[in-house]
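Before any questions on how it binds or moves, here is one chain, the form predicted alone, in structure tokens.
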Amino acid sequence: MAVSAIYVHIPFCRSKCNYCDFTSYVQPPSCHAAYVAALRQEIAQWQQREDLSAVKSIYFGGGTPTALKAEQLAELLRALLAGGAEPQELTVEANPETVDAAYLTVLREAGFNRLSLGAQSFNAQLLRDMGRIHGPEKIGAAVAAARTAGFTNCGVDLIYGLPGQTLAMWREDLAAAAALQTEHLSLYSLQVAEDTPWGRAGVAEAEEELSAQMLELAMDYLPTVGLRQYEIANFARPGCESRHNSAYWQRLDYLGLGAAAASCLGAHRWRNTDDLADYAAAVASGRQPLAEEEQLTAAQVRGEAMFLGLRLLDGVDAAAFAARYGSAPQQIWGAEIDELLAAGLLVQEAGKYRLTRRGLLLGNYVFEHFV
């Protein structure tokens, strides 16, 4: 299969977030030029190894890509497009504090056509608790700046299950996000990693029941304001679903570039080193900056394809699955599927398997049946 999506990891942050695991990547601006140069080298090396002309989406993410100068991001995008790809979706993540109309105009003119803003919350206290450098007012200002720059496809990310966050506070966050009338909204349940300030302080994640209530609230409310749920925790206006993330859920081939970036081509999966100096040294010597890699079995590939596909509300088409992997889902997981159907977590309609509403809330339990 041809590479469908490219992810470019820019691991620089301008703040040390309590929930974020990128704190070790905080670097002064003097490091940025060296990192951009290393990325340019890795891009060129992959353009020699692999045909990237069929790439449908490019996504600049990570810590905070907009910690780089706009011209540096534009330079990297031009290098990627020089390989002949004509992607339909070119996304850049941004912290609301780090962008204005002038900055975003440079990105838009370079070819980026989608902006994803890491709002996280509209509650000032929760933002301070997270260690975020922006306040609620900066989120709306960033969306307005994006519109001025010509972005017609903007998304906002929110986190739920934050320490001290109530259901009422979450409802206010959803309403504030909806008021911005962006085209996309991604929701993330707080996951506290051990090697973060919150992890070291022993901050607990929200109770499962509260997290489920928060997700269910979003499922009920967001469609009323024009944002259709198309994946467990992603909502979009018709035609504005994330092509890039959908490539992951459809288990298409993707290439990750940059320190700590992950890739998966067929059954081959690997991750680059997260040490910036080691990454740059490896690339300079013409080596892949590998931290780890694995060759998946056919059973693992099929299992991933099944549970990733079930994340999408459209579900898994049994005939298409059989054509791609040689066997229909029922032939591989007959007992498991029957159990999930009987439990009301899965439904089979028009040749597709889909999660029920209850299944959407208990997705991790369902997915364990296919691992």
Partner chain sequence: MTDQSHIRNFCIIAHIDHGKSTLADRLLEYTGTVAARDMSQQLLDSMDLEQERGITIKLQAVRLKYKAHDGEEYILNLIDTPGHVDFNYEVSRSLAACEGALLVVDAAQGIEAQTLANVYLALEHDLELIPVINKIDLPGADPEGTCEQIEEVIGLDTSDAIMASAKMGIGTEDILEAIVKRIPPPKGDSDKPLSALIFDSKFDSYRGAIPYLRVVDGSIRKGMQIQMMSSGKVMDVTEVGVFTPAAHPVEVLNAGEVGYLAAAIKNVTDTRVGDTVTNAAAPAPYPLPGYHPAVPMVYCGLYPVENNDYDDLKDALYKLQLNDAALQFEQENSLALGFGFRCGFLGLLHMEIVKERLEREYGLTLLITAPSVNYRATCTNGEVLYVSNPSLLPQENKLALLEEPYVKATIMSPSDYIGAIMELSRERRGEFINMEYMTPTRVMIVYDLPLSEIIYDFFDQLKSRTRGYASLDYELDGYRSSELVKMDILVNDQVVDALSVIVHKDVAYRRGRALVEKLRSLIPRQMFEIPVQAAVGGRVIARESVKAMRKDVLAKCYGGDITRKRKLLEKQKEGKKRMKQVGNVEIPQEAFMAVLEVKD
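A quick note: this is a predicted structure, and the numbers were derived from the prediction, not measured. Positions refer to the first chain, counted from 1.
The same protein has a further form, the form predicted in complex with the partner chain, not shown here; the description that follows concerns it.
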item	value
Partner-contacting position among I332, L313, C31, L308 - heavy atom within 4.5 Å of the partner chain in the model of the complex	L308
Option touching the partner chain, based on a heavy atom within 4.5 Å in the model of the complex, out of Q288, T273, Q72, Q300	Q300
Stretch from 170 to 178, 289 to 297, 147 to 155, 80 to 88 whose residues place a heavy atom within 4.5 Å of the partner chain in the model of the complex	289 to 297
Exercise: L362 in contact with the partner chain in the model of the complex, heavy atom 4.5 Å	yes
In the model of the complex, E216 touching the partner chain (heavy atom, 4.5 Å)	yes
4.5 angstroms heavy atom contact with the partner chain in the model of the complex for D317	no
Contact test in the model of the complex: S189 vs the partner chain, heavy atoms, 4.5 Å	yes
Whether K56, Y230 and Y353 all lie within 4.5 angstroms of the partner chain in the model of the complex by heavy atom	no
Residues from 258 to 275 in contact with the partner chain (non-hydrogen atom within 4.5 Å) in the model of the complex	A262, R269, R271
